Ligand code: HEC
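A single chain comes next, written as structure tokens; it is the form predicted alone.
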């Protein structure tokens, strides 16, 4: 900005500042009124529409998969993108904290007098990219399936085995279809890679870092093996 334009801007700012109204009670009254309206709308919606109630909490269950509220889906999805365990603190603490600090310090490192978005390309671009990234991650987090559910259609005779695999924690390390982790081999087509007997043996002894499931009841073991053997 040229010195002449800057001087004109400062003079106009001082003129408008003198014509303005005091923060108290003018601005305080407007903010308080709007806050009361928002609270009233929320109360009315909760009374008229109600709130979704899930099943009663069971502290003894081992299959419950917590999911955040929708406004935290972008952080939830960020954890799915940053998979290495050693980088989890970066996703949960580092990135959100850095972004919050940058936002709080905005008035100190962006002291330019311009307020028109077209004249502030860096700030405008950064803001738009942030909104797009959060919206995209929120969408991915909303449609992301539960890590304890296998979202694929199988013949009726393999449904029981699919439930055994989903409930045994296999998806914490193995991927089947679109869901699961990447710590272990992908089991989406395991039936074409290993025979049924080898699958049973692997489940019972737990090769490498995989835990052994030799205590699994024979019926469930057979159902699990039948399902995995059908994945070709």
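Numbering follows the first chain given and starts at 1. Quick caveat, the model's predicted, so the values are computed rather than measured.
This protein has a second form, the form predicted in complex with this ligand, left out of what is shown; the following refers to that one.
Contact annotation: residue 179 falls outside 4.5 Å of this ligand in the predicted bound form, judged by heavy atom distances. In the predicted bound form, at least one heavy atom of residue 211 sits within 4.5 Å of a heavy atom of this ligand. Residue contact check for residue 183: one or more of its heavy atoms lie within 4.5 Å of this ligand in the predicted bound form.
Using a 4.5 angstroms limit between non-hydrogen atoms, residue 168 touches this ligand in the predicted bound form. Along 213-229, residues 213, 224, 228 each place a heavy atom within 4.5 Å of this ligand in the predicted bound form.
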